[in-house]
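Below sits a lone chain in C-alpha cells, taken as the form predicted alone.
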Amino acid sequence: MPPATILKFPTSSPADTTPLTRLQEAGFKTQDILGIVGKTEGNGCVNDFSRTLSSHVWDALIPETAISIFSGGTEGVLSPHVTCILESYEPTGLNAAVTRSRVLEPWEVGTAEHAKAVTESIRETMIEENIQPGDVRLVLVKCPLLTSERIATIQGSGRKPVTLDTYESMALSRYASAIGIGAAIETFLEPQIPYLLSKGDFQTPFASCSSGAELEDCHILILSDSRYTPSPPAPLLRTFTSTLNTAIDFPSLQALLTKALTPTAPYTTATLLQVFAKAEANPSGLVGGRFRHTMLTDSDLHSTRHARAAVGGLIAGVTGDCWVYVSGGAEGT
C-alpha cells in the first residue's frame, strides 16, 4: 500500500481542473494521483449534474487506476474544492489505496449483492496491498443510485427494484455500501449482511458513503495509518476519528480537533489538512433530544441539504476552513 499525502485546492466551477497545475507547482505529477475527492455546488440529490460534470472532466485526466469521488452540495458556508490523494515518494505515516467494485446491475443497488460487492473489492485490495484491518481509519465510497431509467430497466426485466423512489435509493445505496465496508473491516460474516440490511440500524466508524447517478460501480478509497513513519523533520500525517452525537455537538468536535492538533514528539507543531464528515437530520425530529427541527418536513429542500449546511457551518466555524468535505446522508456511519 503506497504512502500517501493530501493536498486540497479551491475550484471555481464543477469543470475547473486548474488544481492539476497547482499540483505540478507543488512537485507532483498527474501520475501520482490515487484519488480526487471533491465537493461541488449542486443540490446533492438525484439530478445533481455538477457531480456528473466534475466526474466527467476529472476522470478523463487522472490515471486509469485512480478514482474520483464527488459529493454534491455546498450549502451554507461550504466551499467547492477538491482534495487530492497522492502517492508519496517517501513514507508519510499515511497509506492510501483505491479500487472499484464490479459494475452493479440496477436491481442490485441497495441490496445484499451490492454490499457483498463492496466487501469483496475491499478485501481483495487489503490482501493485495497487505493492509491489516486494525490499520484502516476510513473508507470512502461513491456508489450508484436508481434513476427513473434504471428503475424502468429493472421492471422491464421482470425484477423488483429495492425502491421506486429515486431519492430513497440514494440512502439505501449508501447504507448497503456502509455494511459492505463494515463486513470487510470489522470482518463479520457475509451471511449476516441481509439481516443487517433489514434491521436498518447498522453503524460503522470506518465508512463515508455517498451516492450518485454518474457511475454504475462503486469507487473505493481506503485510508490507513502506516507502520512506517518518516524521519523528522519530514512531515508526519495522522488520522483521527470521532462521532458527533448531534449536528451541534461542539464538545465532541473540539475534543477531536484538540487531539489532532496536539503535536506528537518530536514534532512541535500540527496542522489540520482535511475533515471528512457525514451529516444527517435526526429522524426523531429533535436536535439533542430537545429542539424541534424542520429538516425532515421541509417541502422545498431535502433534509440532506439542511444537514450539510448545519454540520458544515459547525466544522468550518471551529476550524476556520470552508474547504471541508461534508456529505449528506449518514446511513450506516
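Fair warning: this is a prediction, and the values are worked out from it, not measured in the lab. A residue's number is simply how far along the shown sequence it sits, counting from 1.
As for the form predicted in complex with a further copy of the same chain, it is not shown, yet the points below apply to it.
- Proximity to a further copy of the same chain in the predicted complex, taken as a non-hydrogen atom within 4.5 angstroms, holds for one residue of Gln31, Thr268, Asn47, Thr65, which is Asn47.
- A single residue from the set Ile248, Leu138, Leu256, Leu236 has any heavy atom within 4.5 angstroms of a further copy of the same chain in the predicted complex; that residue is Ile248.
- Contact between Glu128 and a further copy of the same chain in the predicted complex is not found at the 4.5 Å heavy atom cutoff.
- Not displayed here, a further copy of the same chain is kept clear of Val103 by more than 4.5 Å at the level of heavy atoms in the predicted complex.
- Not displayed here, a further copy of the same chain is approached by Thr297 to within 4.5 Å at the level of heavy atoms in the predicted complex.
- Remark: Asn43 counts among the residues lining a further copy of the same chain in the predicted complex, judged by a heavy atom distance of 4.5 Å or less.
- Contact with a further copy of the same chain in the predicted complex holds for all three of Thr11, Ser284 and Cys322, each having a heavy atom within 4.5 Å.
- Residues within 4.5 angstroms of a further copy of the same chain in the predicted complex, judged by any non-hydrogen atom, belong to 77-85 and to none of the other stretches in 258-266, 225-233, 180-188, 77-85.
- Residues of 143-165 lying near a further copy of the same chain in the predicted complex, listed in sequence order, are Thr147, Ser148, Glu149, Ala152, Asp165, the criterion being any heavy atom within 4.5 Å.
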